[in-house]
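Starting off, we have a lone chain in the form predicted on its own, written out as structure tokens.
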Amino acid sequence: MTHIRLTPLAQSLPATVPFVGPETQERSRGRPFAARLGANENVFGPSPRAIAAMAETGHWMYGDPESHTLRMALAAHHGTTPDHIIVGEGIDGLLGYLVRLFVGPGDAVVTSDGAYPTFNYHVAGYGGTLHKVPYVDDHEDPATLFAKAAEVDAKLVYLANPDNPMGSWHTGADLAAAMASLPEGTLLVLDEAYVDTAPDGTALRLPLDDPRIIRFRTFSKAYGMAGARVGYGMGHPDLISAFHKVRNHFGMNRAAQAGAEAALADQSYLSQVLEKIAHSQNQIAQIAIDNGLSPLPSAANFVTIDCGADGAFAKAVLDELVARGIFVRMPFVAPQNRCIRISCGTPSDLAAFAAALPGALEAAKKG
């Protein structure tokens, strides 16, 4: 057999991915889940206008490699110019490009221990050295993150606002004030995937051309287009232009571009979806309370539930829910791993969750 000549870095990496998909679990189980409440997808779906736009797209053509009309629409939506915006294959894809631009072997990067793992996956893939700090009161803590960045001379520091997996958030004003302690030469990677579902005042209001920050947003959550993989970044034009050196120029398919543009134009539908998400949050919280558990406040399209014990007990609850056909996930680092995380769902999804939870808790306690 011909020797596979991987780079030393690639050879050193574990054969893993950040997430095991529900489809993989369904194949292992030999049957589908009754309720898919673990991936923070928007079960209420995209705007009918977006669906029509995607269906009517000429799929025989490559997508516009500049995503020109979508970037123009996003610029108008955010009151800026297209040179402040980069479009990519979801925030995950854009994080990969960003890390490729900034991180080489040994370069320091800072994140919170237990925060979104895909960022860490990219840092490892380019040989960066990842430094982690703990959450503070179930929040990613800017002061702790920025202090560690100064200590290790980090090139990037990652912060999600609102946070996944806890659903916690900071006000934009508090985050702007914290920026005073961001070290010179460190770029804040601000993941705002859930900002559309967050309270007013959560978004950071600093100018988009502030060279200290890049902001990432997505059509996967509130806009209901997770399968289309459309994300975008906003930052200083010099930083945005650097993405064109490394990005996949035909990575954005034509249907996804058209769907995202149509979804952005249908803010009325978005408002309806946000009402459904808020109603679902309340239902999940009540189900938790009815079973003696504690729902945490959430600014995202999920609710994180404190199971009242340790990570082993929460994992047992999760396993019992999965065994009963309810796909959920949980934080993976203590003390956040005392919780399980439930994505907003339809009434039938939540009815299935409500029916399964008492038995899951009883079995976990016996175990």
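A residue's number is simply how far along the shown sequence it sits, counting from 1. Because the structure is a prediction, the values reported are computed rather than measured.
This protein has a second form, the form predicted in complex with a further copy of the same chain, left out of what is shown; the following refers to that one.
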item: Heavy atom contact within 4.5 Å of a further copy of the same chain in the model of the complex, the stretch among 291 to 299, 136 to 144, 276 to 284, 227 to 235; value: 227 to 235
item: Check all three, 132, 200 and 367, heavy atom within 4.5 Å of a further copy of the same chain in the model of the complex; value: no
item: Heavy atom of residue 49 within 4.5 Å of a further copy of the same chain in the model of the complex; value: no
item: Partner proximity in the model of the complex: residue 207 to a further copy of the same chain, non-hydrogen atom cutoff 4.5 Å; value: no
item: Contact label in the model of the complex: residue 27 to a further copy of the same chain, heavy atom within 4.5 Å; value: yes
item: Interface membership of residue 16, a further copy of the same chain in the model of the complex, 4.5 Å heavy atom rule; value: yes
item: Candidate from 103, 175, 190, 195 lying within 4.5 Å of a further copy of the same chain in the model of the complex - any heavy atom; value: 103
item: Sequence-ordered residues of 31 to 54 touching a further copy of the same chain in the model of the complex, heavy atom within 4.5 Å; value: 36, 39, 41, 42, 43, 45, 46, 51, 54
